[in-house]
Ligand SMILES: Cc1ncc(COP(=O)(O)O)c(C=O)c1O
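Before any questions on how it binds or moves, here is one chain, the form predicted alone, in structure tokens.
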């Protein structure tokens, strides 16, 4: 029987590990997380300084949801009742599983992918079935085969990360519409996590947001993270977009004041600084190109990715991670994704990635 404890492995610092090794976090360059390496807008720190910490936060994040509508969803016809905010998308993933899944239901996902989908589904009492993208095909999916698999499994809920973590694969409009049609035929709820949508290179106009409210009888929910593109990981912030009926059901499962006053203020400030986000993402796209080219030029086998992070094939991911950490570089060991021969690295600034590339080449050589 599969364990139902939430022991999902994530990137970022393991402070207990660093303490055991006698290392300080401020001496480590972190390539294991997929956040914007330029950090948050200066407006965020200004907003945080003005938060009245003696007051409870807004229970329903009203100003933040208005900012999301005005900035992130400005081309849509959504109402405030179609959006709900969470303490990171991880909180919303767990609540969505509880809302949509009953004990004994079948839940489907495409692996390798973010581990919280499986963990949340198991905690809700579901049986998880997974279609695994083939490594020998660089994790590209045959959508017709996946649709046939969905037709056969007929799950209650289908989780989809797009672009996908950890592979960086992007399913375009045609592919997503095919999966959407298969879910509609089966009466399957479809949850699309677009945490890395803003990081796409080249950027796309299409988003699963277009599908919200279009599937009668079976809901479509889109998740977006504000912690990665806006560099707010320490504050934990994300949102879900769905029909008002689904959002109302999600709200009943969330605790009061689930989004702190600091997270709300930071989100509003970050969303207001359009120029900062656009400039940093444009710069990141250029930095990504140079970083990936440098990796390939040194003989490293990188899996093609549409995002600023990618998988690199190695002999032993755990060994390579340990060796790099000794050199004060942290990467994501992808063993927990079922990929013991891959690490995941995210683009950093040139002054950080140049010495990292040389260190990685030496370790692998």
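Because the structure is predicted, anything quoted here is derived from the model rather than measured. Residue numbers count along the first chain shown, from 1.
Beyond the structure shown, there is the form predicted in complex with this ligand, which is absent from this document and is the topic of what follows.
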Residue 180, heavy atom within 4.5 angstroms of this ligand in the predicted complex: no
Heavy atom to heavy atom, is residue 158 within 4.5 Å of this ligand in the predicted complex? no
Find out whether any non-hydrogen atom of residue 90 is located within 4.5 angstroms of this ligand in the predicted complex, and reply yes or no. yes
So, residue 149 and this ligand: in the predicted complex, are they within 4.5 Å at any heavy atom pair? no
Sort through 291, 230, 199, 117 and report the residue having a heavy atom within 4.5 Å of this ligand in the predicted complex. 117
In the predicted complex, the residue from 106, 236, 184, 249 with a non-hydrogen atom within 4.5 Å of this ligand is 236
Tell me which stretch of 71 to 79, 160 to 168, 128 to 136, 95 to 103 has a heavy atom within 4.5 angstroms of this ligand in the predicted complex. 160 to 168
In the predicted complex: members of 175 to 204 within 4.5 Å of this ligand, any heavy atom: 193, 195, 196
